[in-house]
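Next comes just one chain, in C-alpha coordinates: the form predicted on its own.
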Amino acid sequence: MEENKKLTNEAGAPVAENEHSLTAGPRGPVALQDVWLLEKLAHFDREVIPERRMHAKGWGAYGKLTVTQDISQWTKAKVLQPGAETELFLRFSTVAGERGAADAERDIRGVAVKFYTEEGNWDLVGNNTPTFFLRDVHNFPDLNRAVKRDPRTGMRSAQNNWDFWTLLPETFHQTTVVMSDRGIPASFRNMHFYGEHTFSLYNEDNQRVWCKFHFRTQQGIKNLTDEEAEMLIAKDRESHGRDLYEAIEKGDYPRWTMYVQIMTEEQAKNHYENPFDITKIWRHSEYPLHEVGVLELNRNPENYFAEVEQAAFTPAHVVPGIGFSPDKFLQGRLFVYGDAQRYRLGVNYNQIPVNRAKCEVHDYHRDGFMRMDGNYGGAPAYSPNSMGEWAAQPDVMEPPLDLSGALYAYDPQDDPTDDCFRAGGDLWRVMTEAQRALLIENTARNIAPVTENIKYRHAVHCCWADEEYGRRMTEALGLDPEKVKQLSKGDHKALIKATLPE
(Lines give C-alpha, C1' and ligand atoms only; values in the text may rest on other atoms or scores of the structure.)
Protein backbone atom coordinates (compact mmCIF):
# COMPACT_ATOMS: atom_id res chain seq x y z
CA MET A 1 0.00 0.00 0.00
CA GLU A 2 1.38 3.41 -0.99
CA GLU A 3 2.60 5.55 1.89
CA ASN A 4 -0.13 7.97 2.99
CA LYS A 5 0.16 11.48 1.59
CA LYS A 6 0.22 14.21 4.21
CA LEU A 7 -2.72 16.54 4.79
CA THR A 8 -2.19 20.30 4.53
CA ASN A 9 -4.45 23.31 4.83
CA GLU A 10 -5.47 25.52 1.93
CA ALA A 11 -2.14 27.36 2.07
CA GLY A 12 0.01 24.22 2.16
CA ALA A 13 0.76 24.14 5.89
CA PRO A 14 0.47 20.77 7.66
CA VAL A 15 -2.82 19.93 9.42
CA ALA A 16 -2.40 18.25 12.79
CA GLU A 17 -5.97 16.99 13.29
CA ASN A 18 -8.78 16.32 10.80
CA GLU A 19 -11.41 14.46 12.83
CA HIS A 20 -11.76 16.07 16.24
CA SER A 21 -12.64 19.68 16.95
CA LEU A 22 -10.78 21.85 19.46
CA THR A 23 -13.01 21.97 22.51
CA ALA A 24 -12.86 23.39 26.01
CA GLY A 25 -12.51 20.09 27.83
CA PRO A 26 -13.64 16.70 26.51
CA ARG A 27 -17.30 17.73 26.47
CA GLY A 28 -17.05 21.48 26.05
CA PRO A 29 -18.00 23.75 23.14
CA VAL A 30 -15.91 24.19 20.03
CA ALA A 31 -13.35 27.00 19.92
CA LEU A 32 -13.45 29.62 17.15
CA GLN A 33 -9.67 29.36 16.86
CA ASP A 34 -10.06 25.92 15.24
CA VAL A 35 -9.20 27.60 11.95
CA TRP A 36 -8.84 24.40 9.91
CA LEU A 37 -12.38 23.42 10.95
CA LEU A 38 -13.71 26.82 9.83
CA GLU A 39 -11.84 26.60 6.52
CA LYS A 40 -13.07 23.05 5.96
CA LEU A 41 -16.70 24.00 6.60
CA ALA A 42 -16.61 27.28 4.68
CA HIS A 43 -15.12 25.59 1.60
CA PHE A 44 -17.62 22.75 1.84
CA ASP A 45 -20.52 25.25 1.85
CA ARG A 46 -19.41 26.60 -1.51
CA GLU A 47 -18.79 23.37 -3.41
CA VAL A 48 -22.09 23.13 -5.27
CA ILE A 49 -23.94 25.68 -7.40
CA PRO A 50 -26.82 26.32 -7.05
CA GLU A 51 -28.67 23.54 -5.22
CA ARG A 52 -28.25 22.73 -1.56
CA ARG A 53 -25.18 20.59 -0.88
CA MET A 54 -27.40 18.22 1.08
CA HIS A 55 -31.20 18.04 1.38
CA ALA A 56 -31.45 19.23 -2.24
CA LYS A 57 -34.78 17.49 -2.95
CA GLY A 58 -37.50 18.87 -0.72
CA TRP A 59 -41.15 19.81 -0.23
CA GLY A 60 -42.72 22.36 2.08
CA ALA A 61 -45.93 23.57 3.65
CA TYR A 62 -47.22 26.20 6.06
CA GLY A 63 -48.95 25.49 9.33
CA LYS A 64 -49.09 26.31 13.01
CA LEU A 65 -47.91 25.12 16.41
CA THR A 66 -50.54 25.16 19.15
CA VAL A 67 -49.23 24.75 22.70
CA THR A 68 -51.67 22.78 24.84
CA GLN A 69 -49.54 21.99 27.91
CA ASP A 70 -47.58 24.07 30.40
CA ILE A 71 -43.78 23.76 30.29
CA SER A 72 -43.13 27.28 31.62
CA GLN A 73 -41.21 25.75 34.54
CA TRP A 74 -38.44 25.09 32.01
CA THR A 75 -38.69 27.88 29.45
CA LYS A 76 -39.80 31.48 29.12
CA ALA A 77 -40.00 31.25 25.32
CA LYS A 78 -43.31 32.83 24.35
CA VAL A 79 -43.74 30.36 21.50
CA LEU A 80 -43.87 27.52 24.07
CA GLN A 81 -46.28 29.08 26.59
CA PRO A 82 -49.74 27.49 27.16
CA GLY A 83 -52.29 28.55 24.54
CA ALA A 84 -49.71 30.09 22.17
CA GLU A 85 -50.39 29.67 18.44
CA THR A 86 -47.46 30.30 16.12
CA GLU A 87 -47.37 30.25 12.32
CA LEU A 88 -44.64 28.13 10.76
CA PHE A 89 -43.13 26.87 7.53
CA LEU A 90 -41.82 23.33 7.35
CA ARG A 91 -39.59 21.73 4.71
CA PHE A 92 -39.18 17.95 4.32
CA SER A 93 -36.32 16.53 2.29
CA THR A 94 -34.22 13.55 1.43
CA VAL A 95 -30.53 13.97 2.25
CA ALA A 96 -28.15 12.33 -0.19
CA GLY A 97 -29.97 12.73 -3.51
CA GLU A 98 -29.92 15.68 -5.88
CA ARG A 99 -32.98 17.76 -6.77
CA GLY A 100 -34.05 15.16 -9.31
CA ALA A 101 -33.77 12.22 -6.90
CA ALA A 102 -36.74 10.00 -6.15
CA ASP A 103 -38.61 10.60 -2.90
CA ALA A 104 -38.90 6.93 -1.90
CA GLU A 105 -35.17 6.18 -1.59
CA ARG A 106 -33.53 4.57 1.43
CA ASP A 107 -32.25 7.62 3.27
CA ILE A 108 -32.96 9.71 6.32
CA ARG A 109 -35.44 12.57 5.87
CA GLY A 110 -34.56 16.11 6.80
CA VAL A 111 -37.19 18.17 8.60
CA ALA A 112 -36.64 21.90 9.09
CA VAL A 113 -39.23 24.10 10.81
CA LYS A 114 -39.29 27.89 10.85
CA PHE A 115 -41.51 29.23 13.64
CA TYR A 116 -42.48 32.88 13.02
CA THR A 117 -42.63 33.91 16.69
CA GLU A 118 -43.31 37.38 18.08
CA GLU A 119 -39.73 37.38 19.42
CA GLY A 120 -38.15 36.51 16.06
CA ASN A 121 -37.77 33.37 13.98
CA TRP A 122 -36.93 30.07 15.64
CA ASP A 123 -35.48 27.50 13.24
CA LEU A 124 -35.53 23.88 14.42
CA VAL A 125 -33.44 21.78 12.04
CA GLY A 126 -33.54 18.00 12.40
CA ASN A 127 -34.36 14.65 10.80
CA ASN A 128 -36.79 11.77 11.08
CA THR A 129 -34.28 9.98 13.33
CA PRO A 130 -33.46 10.90 16.94
CA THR A 131 -29.71 10.51 16.31
CA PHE A 132 -27.20 11.19 13.53
CA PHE A 133 -24.20 9.47 11.92
CA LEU A 134 -21.58 11.80 13.40
CA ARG A 135 -20.84 13.58 16.65
CA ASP A 136 -18.02 15.90 15.54
CA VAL A 137 -18.67 18.45 12.81
CA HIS A 138 -15.16 17.88 11.43
CA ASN A 139 -16.52 14.75 9.74
CA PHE A 140 -19.58 16.50 8.27
CA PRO A 141 -18.11 17.33 4.83
CA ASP A 142 -16.60 13.84 4.64
CA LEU A 143 -19.90 12.07 5.37
CA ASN A 144 -21.63 14.04 2.67
CA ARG A 145 -18.92 13.30 0.11
CA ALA A 146 -19.05 9.61 1.01
CA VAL A 147 -22.80 9.38 0.34
CA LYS A 148 -22.74 11.62 -2.74
CA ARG A 149 -21.41 10.65 -6.16
CA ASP A 150 -17.97 9.12 -6.62
CA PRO A 151 -15.58 11.64 -8.22
CA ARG A 152 -14.25 9.09 -10.72
CA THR A 153 -17.40 7.28 -11.83
CA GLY A 154 -20.01 9.98 -11.23
CA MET A 155 -22.19 7.32 -9.61
CA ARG A 156 -23.33 6.64 -6.06
CA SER A 157 -20.99 4.19 -4.37
CA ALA A 158 -21.95 1.62 -1.72
CA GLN A 159 -18.22 1.00 -1.31
CA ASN A 160 -17.61 4.63 -0.32
CA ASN A 161 -20.65 4.65 1.98
CA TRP A 162 -19.76 1.54 3.92
CA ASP A 163 -16.03 2.24 4.01
CA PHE A 164 -16.70 5.56 5.71
CA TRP A 165 -19.43 4.23 8.02
CA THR A 166 -17.40 1.26 9.23
CA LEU A 167 -14.28 3.35 9.86
CA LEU A 168 -16.26 5.54 12.29
CA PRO A 169 -17.93 3.30 14.91
CA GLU A 170 -20.18 6.14 16.05
CA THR A 171 -22.20 5.74 12.82
CA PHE A 172 -23.40 2.25 13.81
CA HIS A 173 -26.64 3.22 15.55
CA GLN A 174 -27.77 5.48 12.70
CA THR A 175 -26.76 2.90 10.10
CA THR A 176 -28.93 0.35 11.90
CA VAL A 177 -31.87 2.78 11.77
CA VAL A 178 -31.39 3.58 8.07
CA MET A 179 -31.20 -0.10 7.15
CA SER A 180 -34.26 -0.95 9.25
CA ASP A 181 -37.91 -0.86 8.18
CA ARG A 182 -37.92 2.88 8.95
CA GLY A 183 -35.28 3.58 6.29
CA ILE A 184 -38.01 4.31 3.72
CA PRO A 185 -41.08 6.07 5.16
CA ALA A 186 -44.26 5.58 3.16
CA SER A 187 -44.80 9.34 3.29
CA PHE A 188 -43.67 12.39 5.21
CA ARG A 189 -46.99 12.24 7.05
CA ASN A 190 -46.24 8.75 8.36
CA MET A 191 -42.99 9.40 10.25
CA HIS A 192 -41.85 11.03 13.47
CA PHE A 193 -39.22 13.76 13.42
CA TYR A 194 -36.77 15.17 15.93
CA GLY A 195 -34.57 18.15 16.71
CA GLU A 196 -31.82 15.50 17.21
CA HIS A 197 -29.38 17.77 19.04
CA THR A 198 -29.43 18.61 22.71
CA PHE A 199 -30.63 22.19 23.16
CA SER A 200 -31.14 24.20 26.32
CA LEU A 201 -34.23 25.80 27.79
CA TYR A 202 -34.17 28.50 30.44
CA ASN A 203 -37.01 30.01 32.44
CA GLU A 204 -37.88 33.39 33.89
CA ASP A 205 -35.52 32.74 36.80
CA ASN A 206 -32.68 32.06 34.33
CA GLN A 207 -32.48 28.41 35.34
CA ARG A 208 -31.24 26.11 32.58
CA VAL A 209 -32.20 22.56 31.66
CA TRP A 210 -31.10 20.48 28.67
CA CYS A 211 -33.77 19.52 26.16
CA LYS A 212 -34.48 17.27 23.17
CA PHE A 213 -37.43 18.00 20.85
CA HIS A 214 -39.67 15.20 19.53
CA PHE A 215 -42.59 15.30 17.09
CA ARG A 216 -44.64 12.10 16.89
CA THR A 217 -46.95 11.59 13.93
CA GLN A 218 -50.70 11.37 14.58
CA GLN A 219 -51.14 9.60 11.22
CA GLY A 220 -49.32 6.46 12.42
CA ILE A 221 -45.97 5.04 11.33
CA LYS A 222 -45.96 3.46 7.88
CA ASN A 223 -42.91 2.33 5.92
CA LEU A 224 -42.01 0.78 2.58
CA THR A 225 -39.97 -2.31 1.80
CA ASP A 226 -37.25 -2.08 -0.85
CA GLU A 227 -39.54 -3.87 -3.30
CA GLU A 228 -42.49 -1.55 -2.61
CA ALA A 229 -40.24 1.49 -2.98
CA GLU A 230 -38.85 0.25 -6.30
CA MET A 231 -42.37 -0.22 -7.68
CA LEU A 232 -43.41 3.22 -6.44
CA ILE A 233 -40.35 4.98 -7.86
CA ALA A 234 -40.99 3.37 -11.25
CA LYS A 235 -44.37 5.10 -11.35
CA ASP A 236 -43.81 8.31 -9.36
CA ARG A 237 -40.51 9.90 -8.36
CA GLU A 238 -42.34 12.64 -6.43
CA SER A 239 -44.47 10.31 -4.30
CA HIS A 240 -43.82 11.95 -0.92
CA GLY A 241 -44.27 15.49 -2.21
CA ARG A 242 -47.45 14.53 -4.05
CA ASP A 243 -48.88 12.81 -0.96
CA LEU A 244 -48.21 15.86 1.23
CA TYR A 245 -49.60 18.34 -1.31
CA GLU A 246 -52.77 16.36 -2.03
CA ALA A 247 -53.51 15.71 1.64
CA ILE A 248 -53.35 19.41 2.46
CA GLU A 249 -55.34 20.42 -0.63
CA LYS A 250 -58.25 18.19 0.38
CA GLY A 251 -58.17 19.36 4.01
CA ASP A 252 -56.64 16.21 5.48
CA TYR A 253 -54.14 18.23 7.50
CA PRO A 254 -51.23 16.19 8.89
CA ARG A 255 -50.46 16.64 12.57
CA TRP A 256 -47.68 15.75 14.96
CA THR A 257 -47.70 15.87 18.76
CA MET A 258 -44.76 17.81 20.11
CA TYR A 259 -42.84 16.59 23.17
CA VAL A 260 -39.68 17.51 25.04
CA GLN A 261 -37.24 15.39 27.02
CA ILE A 262 -35.66 17.24 29.93
CA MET A 263 -32.34 16.66 31.70
CA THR A 264 -31.09 18.90 34.49
CA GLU A 265 -27.56 20.24 34.51
CA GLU A 266 -26.81 18.07 37.54
CA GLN A 267 -28.13 14.98 35.78
CA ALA A 268 -25.98 15.79 32.76
CA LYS A 269 -22.85 16.00 34.90
CA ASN A 270 -23.57 12.55 36.34
CA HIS A 271 -24.93 10.87 33.20
CA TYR A 272 -23.24 7.56 32.36
CA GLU A 273 -22.19 8.84 28.90
CA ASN A 274 -21.85 12.17 27.13
CA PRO A 275 -25.43 13.54 27.03
CA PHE A 276 -24.46 15.98 24.26
CA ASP A 277 -23.34 13.22 21.85
CA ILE A 278 -25.87 13.28 18.98
CA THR A 279 -25.09 9.66 18.07
CA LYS A 280 -26.66 8.54 21.35
CA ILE A 281 -30.18 8.77 22.73
CA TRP A 282 -31.64 9.63 26.11
CA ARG A 283 -33.65 6.60 27.21
CA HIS A 284 -37.33 7.43 27.60
CA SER A 285 -37.47 5.34 30.77
CA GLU A 286 -34.92 7.70 32.34
CA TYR A 287 -35.97 10.97 30.69
CA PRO A 288 -39.66 10.67 29.77
CA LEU A 289 -41.46 12.61 27.06
CA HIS A 290 -43.39 15.68 28.22
CA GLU A 291 -46.19 16.74 25.90
CA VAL A 292 -46.10 20.33 24.59
CA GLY A 293 -48.72 20.71 21.87
CA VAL A 294 -49.68 20.00 18.28
CA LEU A 295 -47.96 20.93 15.02
CA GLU A 296 -50.30 21.05 12.02
CA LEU A 297 -49.62 21.64 8.31
CA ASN A 298 -52.58 23.29 6.62
CA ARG A 299 -51.51 25.38 3.62
CA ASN A 300 -49.50 24.63 0.49
CA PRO A 301 -47.06 27.17 -0.99
CA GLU A 302 -48.20 29.22 -3.99
CA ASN A 303 -44.83 29.02 -5.74
CA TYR A 304 -42.33 26.19 -5.25
CA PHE A 305 -39.18 28.15 -6.04
CA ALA A 306 -40.05 31.28 -4.08
CA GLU A 307 -41.18 29.46 -0.95
CA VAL A 308 -39.62 25.97 -0.87
CA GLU A 309 -36.39 26.34 -2.82
CA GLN A 310 -35.60 29.72 -1.24
CA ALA A 311 -36.51 28.61 2.29
CA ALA A 312 -33.39 28.85 4.45
CA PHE A 313 -32.86 27.49 7.95
CA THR A 314 -30.12 27.62 10.56
CA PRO A 315 -30.15 26.29 14.13
CA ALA A 316 -28.41 29.53 15.11
CA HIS A 317 -31.87 31.14 14.99
CA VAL A 318 -33.31 30.72 18.47
CA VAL A 319 -35.47 32.96 20.66
CA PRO A 320 -35.26 33.94 24.36
CA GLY A 321 -35.87 30.87 26.48
CA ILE A 322 -34.26 28.46 23.98
CA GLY A 323 -30.49 28.06 23.66
CA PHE A 324 -27.65 25.79 22.64
CA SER A 325 -25.53 23.08 24.25
CA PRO A 326 -21.91 21.84 24.07
CA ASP A 327 -22.97 19.30 21.38
CA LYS A 328 -19.93 19.40 19.04
CA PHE A 329 -22.02 18.75 15.96
CA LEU A 330 -24.55 21.46 16.84
CA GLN A 331 -21.71 23.90 17.48
CA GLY A 332 -20.50 23.46 13.90
CA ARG A 333 -24.00 23.63 12.43
CA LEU A 334 -24.51 27.00 14.13
CA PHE A 335 -21.96 28.35 11.66
CA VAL A 336 -22.23 26.14 8.61
CA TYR A 337 -25.99 26.39 7.93
CA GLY A 338 -26.16 30.17 7.83
CA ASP A 339 -22.94 30.35 5.88
CA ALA A 340 -24.32 27.93 3.27
CA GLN A 341 -27.43 30.10 2.88
CA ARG A 342 -25.38 33.26 2.49
CA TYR A 343 -23.55 31.54 -0.34
CA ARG A 344 -26.61 29.93 -1.94
CA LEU A 345 -29.11 32.79 -1.65
CA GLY A 346 -27.01 35.84 -0.81
CA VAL A 347 -26.08 37.71 2.32
CA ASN A 348 -29.63 39.11 2.64
CA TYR A 349 -31.39 35.73 2.47
CA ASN A 350 -33.37 36.53 5.63
CA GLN A 351 -35.27 39.23 3.71
CA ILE A 352 -36.78 36.72 1.27
CA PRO A 353 -40.49 36.55 2.22
CA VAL A 354 -40.51 32.90 3.30
CA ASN A 355 -37.56 33.60 5.60
CA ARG A 356 -38.59 37.03 6.84
CA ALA A 357 -39.46 37.46 10.51
CA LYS A 358 -42.97 38.64 11.37
CA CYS A 359 -41.62 41.07 13.96
CA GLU A 360 -39.42 44.14 13.37
CA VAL A 361 -35.76 43.46 12.66
CA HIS A 362 -32.96 45.84 13.72
CA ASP A 363 -29.67 44.03 13.20
CA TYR A 364 -27.29 46.74 11.89
CA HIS A 365 -26.67 44.62 8.77
CA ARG A 366 -26.27 46.90 5.74
CA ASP A 367 -25.93 46.73 1.97
CA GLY A 368 -24.99 43.50 0.20
CA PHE A 369 -26.49 41.77 -2.83
CA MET A 370 -30.27 41.85 -3.19
CA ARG A 371 -31.04 44.24 -0.35
CA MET A 372 -34.86 44.26 -0.42
CA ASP A 373 -35.86 46.91 2.11
CA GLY A 374 -34.97 50.54 2.82
CA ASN A 375 -31.53 49.53 4.16
CA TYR A 376 -32.43 51.35 7.42
CA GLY A 377 -32.30 54.72 5.67
CA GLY A 378 -30.18 57.25 7.53
CA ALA A 379 -30.23 55.47 10.88
CA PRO A 380 -26.82 55.01 12.52
CA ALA A 381 -24.88 52.09 11.10
CA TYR A 382 -22.71 51.58 14.16
CA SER A 383 -22.98 50.65 17.83
CA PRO A 384 -22.64 52.11 20.37
CA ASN A 385 -24.16 55.39 19.21
CA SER A 386 -25.53 58.50 20.93
CA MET A 387 -28.95 58.34 19.24
CA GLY A 388 -30.25 55.46 21.35
CA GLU A 389 -30.73 53.21 18.35
CA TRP A 390 -31.06 49.46 18.79
CA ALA A 391 -29.42 48.82 22.12
CA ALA A 392 -28.59 45.26 23.16
CA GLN A 393 -31.06 43.47 25.44
CA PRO A 394 -29.11 41.86 28.31
CA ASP A 395 -32.31 40.63 29.97
CA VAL A 396 -32.53 37.80 27.39
CA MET A 397 -28.97 36.58 27.98
CA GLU A 398 -28.65 32.84 28.58
CA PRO A 399 -27.44 31.77 32.01
CA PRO A 400 -23.66 31.25 32.20
CA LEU A 401 -22.27 27.81 31.41
CA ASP A 402 -19.39 26.47 33.48
CA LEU A 403 -16.54 25.01 31.40
CA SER A 404 -13.59 22.89 32.39
CA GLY A 405 -10.62 21.22 30.77
CA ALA A 406 -7.77 22.13 28.48
CA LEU A 407 -8.31 23.21 24.87
CA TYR A 408 -7.45 20.16 22.76
CA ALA A 409 -8.69 17.98 19.87
CA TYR A 410 -10.24 15.24 22.01
CA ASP A 411 -11.16 11.83 20.59
CA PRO A 412 -14.44 10.66 22.20
CA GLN A 413 -13.26 7.05 21.90
CA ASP A 414 -10.68 7.86 24.58
CA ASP A 415 -13.55 8.55 27.01
CA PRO A 416 -14.01 5.40 29.13
CA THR A 417 -17.79 6.01 29.17
CA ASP A 418 -18.03 6.00 25.37
CA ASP A 419 -19.87 3.05 23.80
CA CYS A 420 -20.76 3.40 20.13
CA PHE A 421 -22.66 0.10 20.00
CA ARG A 422 -24.94 0.13 23.05
CA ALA A 423 -27.74 2.11 21.38
CA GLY A 424 -27.68 -0.03 18.23
CA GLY A 425 -27.82 -3.17 20.35
CA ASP A 426 -30.70 -1.78 22.39
CA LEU A 427 -32.55 -1.01 19.17
CA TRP A 428 -32.02 -4.57 17.89
CA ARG A 429 -33.33 -6.02 21.15
CA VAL A 430 -36.62 -4.07 21.02
CA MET A 431 -37.30 -4.99 17.38
CA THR A 432 -39.83 -7.65 16.49
CA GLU A 433 -38.61 -10.73 14.64
CA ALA A 434 -40.08 -9.36 11.41
CA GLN A 435 -38.20 -6.08 11.87
CA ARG A 436 -34.95 -7.91 12.62
CA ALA A 437 -35.28 -10.07 9.51
CA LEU A 438 -35.97 -7.01 7.37
CA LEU A 439 -32.97 -5.17 8.83
CA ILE A 440 -30.67 -8.10 7.97
CA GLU A 441 -32.11 -8.43 4.45
CA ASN A 442 -31.91 -4.68 3.73
CA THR A 443 -28.32 -4.47 4.96
CA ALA A 444 -27.18 -7.55 3.03
CA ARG A 445 -28.73 -6.17 -0.17
CA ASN A 446 -27.25 -2.71 0.33
CA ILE A 447 -23.74 -3.87 1.26
CA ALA A 448 -23.58 -6.63 -1.39
CA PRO A 449 -21.34 -4.73 -3.88
CA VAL A 450 -18.83 -3.78 -1.17
CA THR A 451 -15.45 -5.49 -0.70
CA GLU A 452 -15.23 -8.28 1.88
CA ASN A 453 -12.92 -6.45 4.29
CA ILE A 454 -15.59 -3.79 4.88
CA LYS A 455 -18.28 -6.44 5.32
CA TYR A 456 -16.18 -7.96 8.10
CA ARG A 457 -15.97 -4.58 9.83
CA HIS A 458 -19.74 -4.23 9.85
CA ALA A 459 -20.30 -7.80 11.03
CA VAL A 460 -17.94 -7.21 13.95
CA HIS A 461 -19.75 -3.99 14.81
CA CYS A 462 -23.01 -5.96 14.87
CA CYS A 463 -21.40 -8.53 17.21
CA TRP A 464 -20.27 -5.77 19.55
CA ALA A 465 -23.85 -4.46 19.63
CA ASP A 466 -25.56 -7.80 20.14
CA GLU A 467 -24.36 -11.40 19.74
CA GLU A 468 -27.44 -12.48 17.75
CA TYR A 469 -27.29 -9.37 15.55
CA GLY A 470 -23.68 -10.21 14.70
CA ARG A 471 -24.30 -13.90 14.07
CA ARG A 472 -27.21 -13.26 11.72
CA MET A 473 -25.35 -10.52 9.88
CA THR A 474 -22.33 -12.79 9.46
CA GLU A 475 -24.52 -15.53 7.98
CA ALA A 476 -26.36 -13.12 5.67
CA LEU A 477 -23.10 -11.72 4.31
CA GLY A 478 -21.59 -15.16 3.80
CA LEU A 479 -18.60 -14.44 6.03
CA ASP A 480 -16.40 -16.82 8.00
CA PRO A 481 -17.86 -16.87 11.55
CA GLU A 482 -14.53 -17.90 13.06
CA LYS A 483 -12.80 -14.89 11.48
CA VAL A 484 -15.55 -12.59 12.75
CA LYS A 485 -15.11 -14.08 16.22
CA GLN A 486 -11.36 -13.48 16.17
CA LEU A 487 -11.73 -9.91 14.88
CA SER A 488 -14.30 -9.24 17.63
CA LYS A 489 -11.73 -9.92 20.35
CA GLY A 490 -9.75 -6.73 19.65
CA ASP A 491 -10.72 -3.08 19.86
CA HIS A 492 -11.83 -0.87 16.98
CA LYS A 493 -8.33 0.29 16.08
CA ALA A 494 -7.20 -3.32 15.80
CA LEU A 495 -10.25 -4.11 13.67
CA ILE A 496 -9.44 -1.30 11.24
CA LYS A 497 -5.80 -2.34 11.02
CA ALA A 498 -6.80 -5.93 10.29
CA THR A 499 -9.28 -4.96 7.58
CA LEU A 500 -7.31 -2.38 5.63
CA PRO A 501 -6.74 -3.31 1.96
CA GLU A 502 -3.52 -5.22 1.26
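We number the residues from 1 along the sequence you see. Every value quoted in this text rests on a predicted model; they were computed, and no experiment measured them.
The discussion below concerns the form predicted together with protoporphyrin IX containing FE, not included here.
J.: Choose one stretch from 192-200, 256-264, 402-410, 381-389: the one whose residues place a heavy atom within 4.5 angstroms of protoporphyrin IX containing FE in the model of the complex.
T.: Of the options, only 192-200 has residues within 4.5 Å of the partner.
J.: Decide yes or no: are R91, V336 and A340 jointly within 4.5 Å of protoporphyrin IX containing FE in the model of the complex, with each residue judged by its heavy atoms?
T.: Checking in the model of the complex: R91, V336 and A340 are all within 4.5 Å of protoporphyrin IX containing FE.
J.: Could you confirm whether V125 comes within 4.5 Å of protoporphyrin IX containing FE in the model of the complex, counting heavy atoms only?
T.: Looking in the model of the complex, residue contacts with protoporphyrin IX containing FE include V125, since a heavy atom lies within 4.5 Å.
J.: I'd like to check something about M179: if you look in the model of the complex, is any of its heavy atoms closer than or equal to 4.5 Å to a heavy atom of protoporphyrin IX containing FE?
T.: Result no; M179 lies far from protoporphyrin IX containing FE in the model of the complex.
J.: Any of the heavy atoms of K76 lying within 4.5 Å of protoporphyrin IX containing FE in the model of the complex?
T.: Output for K76 is no: heavy atoms all beyond 4.5 Å of protoporphyrin IX containing FE.
J.: Within a 4.5 Å heavy atom cut-off, is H55 in contact with protoporphyrin IX containing FE in the model of the complex?
T.: Yes, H55 lies within 4.5 Å of protoporphyrin IX containing FE in the model of the complex.
J.: If the cut-off is 4.5 angstroms on heavy atoms, which of these, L295, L168, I184, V137, is the one near protoporphyrin IX containing FE in the model of the complex?
T.: Result of the distance check: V137.
J.: Counting non-hydrogen atoms within 4.5 angstroms of protoporphyrin IX containing FE in the model of the complex, say which of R344, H290, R156, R145 makes the cut.
T.: If I apply the 4.5 Å criterion carefully, the residue I get is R344.
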